[in-house]
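Just one chain is shown here, as structure tokens, and it is the form predicted on its own.
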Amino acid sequence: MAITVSPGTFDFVSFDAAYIERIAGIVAGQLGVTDIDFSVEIDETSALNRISTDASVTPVRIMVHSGAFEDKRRPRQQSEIDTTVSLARCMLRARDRLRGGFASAPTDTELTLAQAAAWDTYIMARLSRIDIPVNKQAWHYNWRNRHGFNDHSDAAFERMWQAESLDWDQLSSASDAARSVSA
């Protein structure tokens, strides 16, 4: 497994490329993706909390706006937990696309907000089960914003959160069903 981080040095934020690479290596081991090469590309000029993955290329590209790795209480400073969670989300999405029944899923930029929220819910639940700290309530709120604030949506969230193994068609259908009741 090879992990590259760019840029190698940062001018606008106090990040450390070697530290990011170490965290990525640990997370890759936890997720069982040590057979995949990753390129972590950080846009340090953007404080947005935005990440995306392109698993159609080798190495798999992880594109990060620096806000996704940033300590929310100390602007421009790196947060270990936010770096870990953001990398884990991207790596798990890549693993899903490459060997988890998600080959037919739209690219990250083509996902609807509801589809992205559903996939993130599925990803974050799995991360919580391997002891990566996850704020379930925050992800539930994200789900509700895309699928509705009602009992049916909440039940769909819990089913998605508890799911052990889904493919793209199952995830997409569950998201569509939750939204159809809210519409």
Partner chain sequence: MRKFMPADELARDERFSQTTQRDRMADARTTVVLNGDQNRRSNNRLTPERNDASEAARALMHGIFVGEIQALEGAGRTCWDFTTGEEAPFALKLDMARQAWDEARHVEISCKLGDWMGAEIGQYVENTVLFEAACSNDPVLRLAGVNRALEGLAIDVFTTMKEFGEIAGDPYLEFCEDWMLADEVTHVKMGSDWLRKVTENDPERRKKALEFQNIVDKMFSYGGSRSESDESSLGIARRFRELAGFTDSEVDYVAEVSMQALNERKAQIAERQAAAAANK
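Note that the structure is predicted; figures quoted are calculated from it, not measured. Positions refer to the first chain, counted from 1.
We do not show the form predicted together with its partner chain, though everything after this point is about it.
Taken together, the three residues Thr9, Leu48 and Leu113 all come within 4.5 Å of its partner chain in the predicted complex, as judged by their closest heavy atom. With its partner chain omitted here, the record of contacts in the predicted complex names 141-149 of 28-36, 122-130, 54-62, 141-149, defined by a heavy atom within 4.5 Å. Within this chain, Ser66 lines the site of its partner chain in the predicted complex, having a heavy atom no more than 4.5 Å away. Among residues of the shown chain, Ala163 is not one whose heavy atoms approach its partner chain to within 4.5 Å in the predicted complex.
Its partner chain in the predicted complex is not approached by Arg99, whose heavy atoms all lie more than 4.5 angstroms from it. In the predicted complex, at least one heavy atom of Val13 sits within 4.5 Å of its partner chain.
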